[in-house]
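Here's a solo chain for you in structure tokens, the form predicted on its own.
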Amino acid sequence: MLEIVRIHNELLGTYGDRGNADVLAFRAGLAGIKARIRDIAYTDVIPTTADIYLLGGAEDAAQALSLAAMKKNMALNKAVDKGAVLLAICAGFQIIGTSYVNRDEEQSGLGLLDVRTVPGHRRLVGDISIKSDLFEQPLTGFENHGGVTTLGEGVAPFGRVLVGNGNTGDGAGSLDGAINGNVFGTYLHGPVLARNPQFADLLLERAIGSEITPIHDELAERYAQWRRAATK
């Protein structure tokens, strides 16, 4: 049974990123993989034995509460050390970094990615398209963040911006997100896995350690194609 853990959705569910778990469970079923979603509230202890963990976007206060709860036993770090897959979106991406500035106060993150976030000078909002070396087709999403994120030396970006703002707001050619092993961070909302089913399939393959049975989902592919055509 593939276990998908959705962390602190009551705090990190502002932008609908909870849908990423539903997409993973649905596509796992299409591939013949039994899967279940487990919601972990911020008052709960995060299990360290699940296969995929998901973090979403949030406002500043909720982001700080979530980080404080996760620091209590560092369970997410322990799960990643065991080889679990992690997808962190927006505020979640900032949380798993080295540090971020929240209301003029610097917070140390979980340190799963060597990235640092500080407030930017403007809100970065709108459709975004990136090209990642992991996929043949571009990925699309919707970004809405005020933070500017820089990557540490040698850290790999998730992709390069074709349309939109990206980590630093510098637009086309700049970077979005970061990756390290099975840890993925990005600013793409959407939910990103609904807009990019190939990304969902990659996460499933990373979680089970092998390629999955090819999935034929015409509606999902048509939607992804439409989003790519519309985000130019």
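Bear in mind the structure is a predicted one, so any value in this text is a computation, not a measurement. Don't overthink the numbering: it's just position in the shown sequence, from 1.
The form predicted in complex with glutamine is left out here; the points below concern that form.
In the predicted bound form, at least one heavy atom of Q94 sits within 4.5 Å of a heavy atom of glutamine. Not displayed here, glutamine is approached by N144 to within 4.5 Å at the level of heavy atoms in the predicted bound form. Residue contact check for A58: one or more of its heavy atoms lie within 4.5 Å of glutamine in the predicted bound form. Glutamine in the predicted bound form is approached by R123, whose closest heavy atom lies within 4.5 angstroms of it. Remark: none of the three candidate residues (S129, F158 and R228) comes within 4.5 Å of glutamine in the predicted bound form, counting heavy atoms only. Heavy atoms within 4.5 Å of glutamine in the predicted bound form are found in one stretch of 167 to 175, 194 to 202, 36 to 44, 59 to 67, which is 59 to 67. Of the residues given (V115, L87, L76, C90), C90 alone sits with a heavy atom within 4.5 Å of glutamine in the predicted bound form.
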